[in-house]
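Shown next as structure tokens: one chain only, the form predicted on its own.
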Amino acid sequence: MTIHILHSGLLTTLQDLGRVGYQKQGIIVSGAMDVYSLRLANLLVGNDEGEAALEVTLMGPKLKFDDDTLLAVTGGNLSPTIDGRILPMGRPVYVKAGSIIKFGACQSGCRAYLAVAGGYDVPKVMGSKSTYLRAGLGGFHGRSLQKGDVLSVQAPQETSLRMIQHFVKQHSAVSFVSTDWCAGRGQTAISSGRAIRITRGRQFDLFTEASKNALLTDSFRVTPQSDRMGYRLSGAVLKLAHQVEMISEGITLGAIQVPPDGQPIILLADRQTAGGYPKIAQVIAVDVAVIAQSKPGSLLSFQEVSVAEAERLYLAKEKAFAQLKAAVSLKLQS
């Protein structure tokens, strides 16, 4: 089973849940920017939720499917179509061989995830299929997809095969069929203008009172220099009360560091393993996906919460996802 890349789009890479356990050797985690959308896309096609999917950024690719394929698209709405018809998002979709999937204008969010039943057939590197572009590591030959590439797909698992058998009965002259239900509308982390929740960073107390106040009262704009490594923000200049010499320390997902120019950077999936800039705050885990779905030019504001509240929100999110997973499983078996 193969997929031809007819047009690459702006940035289309293979990503899973990341390369975990190698940061002490200087190997970054990488992985999907919006992990919830990745996990949901895989659930909808009967894959393990950590299987790799295509991460499609802003301007998507054009793909031709050589075989009948079960797929799902989640995350940001980049106007996906199948042979010119709207591709329904957030549900299993069975497409006919020869179908062409194309992504168009970005209507909401910033990144979409396209999972196929069985998963993409690329080798794991250090336990992960994620692409780390700067090192040319993992994914499809360590790079983003290009025109002319051909992706192979692995054999579907038993759950996927049951779904495919169900769809085959409906499959006739139309180019695709899908379920009459969708999942995860409330799970998609599209920014609604709500403040991004943060906890205090390790060096929060080193900043001036005016800078601490500005972080929580001003808005910051996502600049075009933002990428998978970090979102660079422009806004109020954040200053240290006194100059300090810091020893580099480990970097966590969502850390907000402040370089000498005073403009904060939110560190994301392709972040470095260690850094020496002071960190004024930490985006809580459940809101990192909201950052990932924010486009350059978006305005972000921040709200401080306690570490206990951040943990409560994380557990609540995982509980809601487990319920969603159970509901999808029941639907797929019905």
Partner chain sequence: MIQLIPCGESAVIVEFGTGIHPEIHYKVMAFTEVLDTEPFLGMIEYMPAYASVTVFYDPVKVKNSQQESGRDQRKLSCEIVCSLLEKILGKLDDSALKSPRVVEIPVCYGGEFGPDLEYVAEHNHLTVDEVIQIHVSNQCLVYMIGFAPGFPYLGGMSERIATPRRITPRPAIPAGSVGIAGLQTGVYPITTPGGWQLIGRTPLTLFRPYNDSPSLLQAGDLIQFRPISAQKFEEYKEKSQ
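None of the values given here were measured: they were computed from a predicted structure. Positions refer to the first chain, counted from 1.
Only in words, not in the display: the form predicted together with its partner chain, which the text now covers.
Chemist: In the model of the complex, does Met126 have a heavy atom within 4.5 Å of its partner chain?
Modeler: Within the cut-off, so yes.
Chemist: Is it the case that Gln303, even though its partner is missing from this view, gets within 4.5 Å of its partner chain in the model of the complex, heavy atoms only?
Modeler: The answer is no: Gln303 has no heavy atom within 4.5 Å of its partner chain.
Chemist: Should Tyr132 be counted as a contact of its partner chain in the model of the complex, where contact means heavy atoms within 4.5 Å?
Modeler: Although its partner chain is absent here, Tyr132 would touch it in the model of the complex, with heavy atoms inside 4.5 Å.
Chemist: Test of understanding: in the model of the complex, would Ala274 fall inside 4.5 Å of its partner chain by heavy atoms?
Modeler: Flag for Ala274 set to yes.
Chemist: Counting only non-hydrogen atoms, choose the one of 291 to 299, 304 to 312, 60 to 68, 46 to 54 that falls within 4.5 Å of its partner chain in the model of the complex.
Modeler: Heavy-atom contact with the partner occurs in 304 to 312.
Chemist: With its partner chain left out of view, which of Leu206, Met163, Ile251, Ile82 would have a heavy atom within 4.5 Å of it in the model of the complex?
Modeler: Selected option: Ile251.
Chemist: Of Leu151, Val177, Leu137, Cys106, which residue is found within 4.5 angstroms of its partner chain in the model of the complex when only non-hydrogen atoms are counted?
Modeler: Selected option: Leu137.
Chemist: Taking Gln23, Gly26 and Thr199 as a possible spot, do all three reach its partner chain in the model of the complex with a heavy atom inside 4.5 Å?
Modeler: Yes, each of Gln23, Gly26 and Thr199 comes within 4.5 Å of its partner chain in the model of the complex.
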